[in-house]
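Following this are structure 1 and structure 2, which are two forms of one protein chain, each written alone as structure tokens.
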Structure 1
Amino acid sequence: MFKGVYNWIDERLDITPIWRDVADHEVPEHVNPAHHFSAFVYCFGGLTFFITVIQILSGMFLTMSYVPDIQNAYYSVEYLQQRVAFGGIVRGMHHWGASLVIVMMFLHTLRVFFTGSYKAPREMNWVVGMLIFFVMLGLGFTGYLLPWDNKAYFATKVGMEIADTVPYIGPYLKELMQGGEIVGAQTLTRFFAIHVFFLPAALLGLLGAHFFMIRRQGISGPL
């Protein structure tokens, strides 16, 4: 049945050459762990992307129960943890994955730096990678407030004070993120919108550019 459905779609969209081009793409010998044990360091980028996919999928399921409102946010998370089937597991994956993806991205960045993969002709991809790093940090910061517990509230207040110290634009940046003079309902709403819509859209665009340049330029060789 699946073969019949695939053939029907393939006859109309000609998808076989697309996935064959991806599947048949040769992996350079220096990034194949079967040939070189040191090639495992080249897996950090793929592992980062894998965790990112888990974060996106788990986040989509979390939004089905979460309520971005100061009166209901904490209780919606509590309901998700205790009443929704597998809710605690999904939230745990998203919670710990947020830290793990930063660690893996940091390791990936170190590998790129120490193997000289940021040099010509891959300078643009290095810049895109740094932008992805900052977007990930933004996702971690905005997501931290969403449970709306004491730790999230006061940690966000500290983050706002740090933003306020930025020269010239600090006060405006703080007010833009807070949505007012205090960390309150507007802050939670803005953080939710930024976390769920704005930053993921930027992340997907940057990842698309990142992978496009990797495919065009190839994976850099060892020093």
Structure 2
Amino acid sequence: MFKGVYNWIDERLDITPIWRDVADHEVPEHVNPAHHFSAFVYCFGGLTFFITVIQILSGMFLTMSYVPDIQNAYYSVEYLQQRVAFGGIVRGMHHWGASLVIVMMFLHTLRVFFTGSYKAPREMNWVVGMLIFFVMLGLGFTGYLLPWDNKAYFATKVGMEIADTVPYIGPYLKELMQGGEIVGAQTLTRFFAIHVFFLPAALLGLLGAHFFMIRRQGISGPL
């Protein structure tokens, strides 16, 4: 039955080569922790992606309760954490996952750096990886404001003051992010939109490019 459906689709769309390419590509011994324990350092990239998937899933569940409005944001987070079934776990996963994803990405970056894997012909993939790094930091910065407690508010205020010091574009940058003269209602909705729509979209595009280039170029050889 399943095979029949698969064959029916495959006859028309020829999907076999697409997934066979992903499934059958060979993984060399030097990155396989089953052969060399020290090869676990090659797992950090995959783990970063794993935590990113957790972030996306837990974030989707968070938006079911979260209200991006200065009157209700804090109380909706508190309600989620205290009253919604497993709400504390969902928020906990998103909160701690945000730190863990930075840690994993940092370790992955160091692995790529110290194994010299960013060298030709993989320069572009390194640059895309750095862009992913910046998008992740942006996600961390915008997400920090969303619970709308004092820590969130004052950290964002400091961030805005730092943005303000940039020559020429600083004040415009600050106003663009704040959505006005102060950190307030507009800032919260703006940060919410950036955190939930703009940056994740950019992240998915960059991740797609990152993975595409890995498939085309393969993992760098053993040292």
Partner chain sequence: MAHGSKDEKVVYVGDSRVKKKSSQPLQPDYSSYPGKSEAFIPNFLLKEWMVGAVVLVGFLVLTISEAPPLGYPADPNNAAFIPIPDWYFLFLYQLLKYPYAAGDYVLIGTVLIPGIAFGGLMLAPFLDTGNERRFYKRPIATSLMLVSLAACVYLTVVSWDQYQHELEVQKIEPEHHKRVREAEKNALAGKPYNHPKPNDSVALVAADDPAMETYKKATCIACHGGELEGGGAPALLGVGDRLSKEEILTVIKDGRGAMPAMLDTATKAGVTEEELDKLADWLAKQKKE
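Please note that residue numbering is based on structure 1, beginning with 1 at the start of its sequence. What you see is a predicted model; the values in this text were computed from it and never measured. Think of the rigid core as the biggest set of C-alphas that the two forms share within 1.5 Å after superposition.
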Inset, instruction - Please let me know, 1 or 2, which structure is the form predicted together with the partner chain? - result: 2
Legend entry - Leu204 C-alpha moves between structures 1 and 2 by 2 Å or more, core aligned: no
Legend entry - Is_shifted Arg215 between structures 1 and 2 (CA, 2 Å cut-off, rigid core): no
Inset, instruction - Look at the Cα of Leu13 between structures 1 and 2 with the rigid core superposed and state its shift in Å. - result: 5.0
